[in-house]
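Only one chain comes next, encoded as structure tokens, the form predicted on its own.
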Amino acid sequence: MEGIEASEVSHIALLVIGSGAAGMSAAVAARRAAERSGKSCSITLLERNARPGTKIRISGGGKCNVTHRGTPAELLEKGYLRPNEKRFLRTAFYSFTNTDLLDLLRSRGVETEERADGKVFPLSGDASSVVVAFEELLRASSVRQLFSCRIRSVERQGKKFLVTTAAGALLTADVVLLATGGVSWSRTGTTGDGLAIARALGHSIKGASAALAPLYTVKPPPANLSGVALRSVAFFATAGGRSVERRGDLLFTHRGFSGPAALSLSRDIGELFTLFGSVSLFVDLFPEQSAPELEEQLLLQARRNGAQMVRKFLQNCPIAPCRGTFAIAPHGTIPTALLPFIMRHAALENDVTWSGLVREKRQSLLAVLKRLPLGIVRDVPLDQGEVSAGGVSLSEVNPKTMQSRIVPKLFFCGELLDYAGEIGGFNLQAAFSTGWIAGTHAIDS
């Protein structure tokens, strides 16, 4: 249904603004809560785009990593590294679990599959199937949907809200639920509308910052490294005497770095960048071995194969080998394309052999293998992040209901709130979960 006319004025019991994962979940939950309590109320879902679920449709490369395997406790532990965010999301994750979400999708014909790393995707490999399932749920729930309808303002007037659309139409609502998302991927319509509304209604807003975003360096990596992946390495960044680190796969790009380790660490790096202005990136190719343990392996190699070129050894050397199993390569070997990069940073000639490697040069190689410089951060692009951090202060929202502690009958859910999870389906689960309890409690408010 298209947007309403400027001259139209109507009253709505529950107005949900934003038809992404959180908003659609909230509207469905609200109708079910109303039916359980025997209430008859109008529920309207407004969306600024021409159709719902725009961001879902392109998530996970169009495949939609909808959630993650595990109990609610396991999802919180693995997906949220900041204690306050973990505490805030606890009720939501236990109230509407990943199992609840998958059962809901299955009820509309969407089967899912778990991958070895715990990520859960639609079996079809098509993200739009998730949106279609929720569209069917919304229709079955008699939720009125209005598209191409952007909200200009929301004001509290007495016991009701006065809502003005960009087209000049006026709505009144008993309860308003904001589910407009953050500010990443602005092309999907997430341009901070909800944050401006929340601020105007008296809420504190933490400035938006990138999360799960690629990293751009001042000097891009060599062109021949673009697309090269380092598996299960330790990726870390330093600035102002501080250091942050993640273990995982790292991908070289034509502008800098991506892959799970870089995306996961991008939020911390962005904060360091804001504080200090210059952040240095490094990778440890042997995170399971301490520097003395790795040096012993290099010395052993020198004793056994003095005539072998160091470069040849590195070419066949396992990357990130497990502790005590140096000869086994569960994560593959050091990529050949990376060898000139390593040799150059260690100041070694390409044809140097182990017997020709003096102690000083061996120490240089050791230092590079444990702390290979990757460059200086130029930017952590907010608009390229899969999600954004920042948003409505968690302290101003009741985590058991998602209702504002400042404005009665105002609810928040999804990425609009000041949390950001790890890569792996945790953020979508949080959107569905916070939306579900917000919609459930909005009916009873």
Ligand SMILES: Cc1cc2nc3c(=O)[nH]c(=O)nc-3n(C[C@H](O)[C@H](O)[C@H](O)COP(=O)(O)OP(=O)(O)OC[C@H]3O[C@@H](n4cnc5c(N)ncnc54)[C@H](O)[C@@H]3O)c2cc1C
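All residue numbers are counted from 1 along the displayed sequence. Given the structure is predicted, the values throughout are model-derived calculations rather than measurements.
This next part talks about the form predicted together with the named molecule, which is not shown.
- In summary, the region of this chain contacting the named molecule in the predicted complex, judged by heavy atoms within 4.5 Å and restricted to 149-157, 90-98, 261-269, 370-378, corresponds to 149-157.
- Looking at the named molecule in the predicted complex, residues Ser59, Gly181 and Ala431 each place a heavy atom within 4.5 Å of it.
- Shown alone here, Asn49 lies within 4.5 Å of the named molecule in the predicted complex, counting heavy atoms only.
- Of the heavy atoms in Ile17, some are within 4.5 Å of the named molecule in the predicted complex.
- Within 4.5 Å of some heavy atom of the named molecule in the predicted complex lies at least one heavy atom of Gly385.
- Gly391 falls outside the set of residues with a heavy atom inside 4.5 Å of the named molecule in the predicted complex.
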